[in-house]
Structures are given as C-alpha cells and as structure tokens.
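One chain comes next, on its own, written out as structure tokens in the form predicted alone.
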Amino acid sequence: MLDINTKKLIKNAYRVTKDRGFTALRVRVPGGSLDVRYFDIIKRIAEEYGSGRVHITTRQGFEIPGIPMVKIAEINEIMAPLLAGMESAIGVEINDLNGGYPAAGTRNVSACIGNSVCPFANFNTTELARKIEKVIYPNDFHVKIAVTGCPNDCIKAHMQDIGVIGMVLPEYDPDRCIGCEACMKNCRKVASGALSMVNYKVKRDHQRCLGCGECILKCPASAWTRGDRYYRLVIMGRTGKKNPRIARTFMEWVGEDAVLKVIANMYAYIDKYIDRTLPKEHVGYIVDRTGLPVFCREVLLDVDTGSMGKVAGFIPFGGYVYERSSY
C-alpha cells in the first residue's frame, strides 16, 4: 500500500486527485510570461510521466495531471532548470532546486500582458509580478495576487486577495488642445466622467479620475501625455462558498515601493491573526474578524504613500447573500 504524506505532497506543489496513487504537478509562471525553452520540460513530464496533457490554470500556471506519486522525486529533479530560471533568476531563495517547489499555499502571481503589447496598459505587469513573487514566495499562506495594467482589469484583479491596478497621471497642455472634446466624450462613455469643458479647455476632476489614460489615447492633438505612473490596490476579493465578494479600493495613487511594502506587511498580518485551526484561511476572512482598522495599522507600517497617495478610511464590503428570503 502506498504511504504518502499528503501535507508534504501539497506543500511540494502537487495536487491530491480523485485517482488513487496519482497526482498533478502545479507549475508556477510568475506574471504569466514563460520563456519557450521551458516548454520542453513541461512537455517531457507530461509525456513521460503524466497523461500527455497539460491544463492551463486560471492563475496562468500549468497543471500536469496523471503523474504517479512514486515518480515525484524524479520529476522534481527534472524541474530543477525551470525553478532555477523562473524562481532563482527572480531572486527567490530555493535551497534545494532538485527538491521541487518548497511551498504551494501562495498562488501564482498572475498578470495581464502589460504595456509590452497592450496600448491601454500603463506599466510592465510581468516585471512587477516578478518583484511581488520575490517578496512573497515561498510561503504557505493561501493568498491570491493579480496585477493588471489599467482599470480595464483584464486579469480580474477584483477577484483577488490583493489586486494591483496600473494608473497614470495624465498631463494636459492647454496650448495644444483644439477643443474637440474627444477626450471628454470618451471618458464619459467608457470611464468615470472625470473630464469637463470650461471656457473651451478641458478640466480634470482628480477625485473622479481613474488614471486609466484613455484621454491620452483619444487626443488627436497630443494635448494629453503620460505623466508619473501610480497604482491602485484593491483588497479582499474572493470566490468560494463563504460570502464571495468583489475587492474594493484600499489605496490609490501610490508608488511601486508602497505596493511591495503593503504586500510584505500583509503576510506579517496574516501570520499574526490567522485562525490556525483551519487548513487555510483567506486574508479577507481575517480582516472580517479583526476589523479594517487593525488591518490598516499592520499593513501600513513603514509605508510611504507619497504626496499623491490616498488610503481608504472605510470600505463598504458587501458580499453574496444566501438567505432564501432574498429570492
């Protein structure tokens, strides 16, 4: 009879499947960008040890099913070059590259394709995702983080424990403006209606501005240009059985250092307040229990939000309603 320590198995990034004696390997791809030379490793494992198939997960990683549990040690050695390239190259410390992944609780940091391809994206999402990976991995806490280049949120950052949304401060040159209202009309149709015309020139309402950059893309006279880059953090989005909900804005108009520091502090907060009687607990449930002021006190420790940064003093968290009387 096969004797397997399932806790150790899961921590090593293998899944307990419905087929006895077989597992599935989860391959991390921080930022969703993978050098094609690693496909050979994934292909070899799938063909020689697995079912010959690969599942692309919702978190932009790969899952290789049909692997006999007795082959895990062999597969971990085959995975060593991938870990060296995708984790060690980022700066993640993995003591034994031949031992496979050292943790699996913290999920793969996903990212939209970013400004290397998309005209709407305000920054290099893969680059930031890999910086976040360096801060958080390896770790056993059940945390999901996603990075998106603009408020279009193609990566569904609002469904994560932490979602990072790119912002840009649009800079306006009234001397170049021809008063065509293209930026204003577009902002009203697809964004937040932050622009208005005053004496034939455009006025931007900073309180309403999302920092999406749509005005820059629409201006035919280049009156709008990209200024400094910022970020908005949304927190406590989650699916699952218990009170699913959309993430809400926690910080906005903050810099990269603030983003990375808040995420690092959040792990210390989780370690301090998590319910250890549970096998895992989303950070949103911890915030529900401790309250937002405690969360703010812990995660904002030594965080410089900058002159533009804003932090939410109150977040009206809602969620799914299960009561039958609501139907």
Partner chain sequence: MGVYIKNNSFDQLLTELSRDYIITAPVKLPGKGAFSDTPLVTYREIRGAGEIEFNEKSRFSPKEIIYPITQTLFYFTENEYSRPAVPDQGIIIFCRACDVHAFRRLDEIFLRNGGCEDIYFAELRKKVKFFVMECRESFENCFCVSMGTNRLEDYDVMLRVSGDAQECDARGDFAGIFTGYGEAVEMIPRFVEENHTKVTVPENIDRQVFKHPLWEEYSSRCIACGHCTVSCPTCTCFTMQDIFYEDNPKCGERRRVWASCMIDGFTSMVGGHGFRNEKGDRMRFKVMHKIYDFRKRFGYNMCVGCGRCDDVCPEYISFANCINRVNTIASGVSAHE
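Positions refer to the first chain, counted from 1. All values reported here derive from a predicted model rather than from experimental measurement.
Keep in mind that the form predicted together with its partner chain is missing from the display, and what follows is about it.
Participant: Within 4.5 Å of its partner chain in the predicted complex, counting heavy atoms only, one of 104-112, 129-137, 246-254, 216-224 shows up; tell me which.
Facilitator: One stretch meets the cut-off, namely 216-224.
Participant: Is it true that Gln60, Ser88 and Asp153, all three, sit within 4.5 Å of its partner chain in the predicted complex, judged by heavy atoms?
Facilitator: Verified in the predicted complex; spot residues all out of contact, no.
Participant: Let me know the one among Gln207, Asn199, Thr239, Asn98 whose heavy atoms come within 4.5 Å of its partner chain in the predicted complex, would you?
Facilitator: For this set of options, the contacting one is Asn199.
Participant: Report the residue, out of His158, Arg229, His142, Arg188, that has at least one non-hydrogen atom within 4.5 angstroms of its partner chain in the predicted complex.
Facilitator: None of the others qualify; the residue that does is Arg229.
Participant: Closest heavy atom of Asn122 to its partner chain in the predicted complex, within 4.5 Å or not?
Facilitator: Close contact exists here: in the predicted complex, Asn122 approaches its partner chain to within 4.5 Å, heavy atoms only.
Participant: Give a yes or no for Ile94: in the predicted complex, does one of its heavy atoms lie within 4.5 Å of a heavy atom belonging to its partner chain?
Facilitator: Answer no; every heavy atom of Ile94 is more than 4.5 Å from its partner chain in the predicted complex.
Participant: Taking 4.5 angstroms as the cut-off for heavy atoms, does Cys177 touch its partner chain in the predicted complex?
Facilitator: The answer is yes: Cys177 has a heavy atom within 4.5 Å of its partner chain.
Participant: Although the partner isn't part of this model, could you tell me whether Glu74 comes within 4.5 Å of its partner chain in the predicted complex, counting any heavy atom of the residue?
Facilitator: Contact with its partner chain, no.
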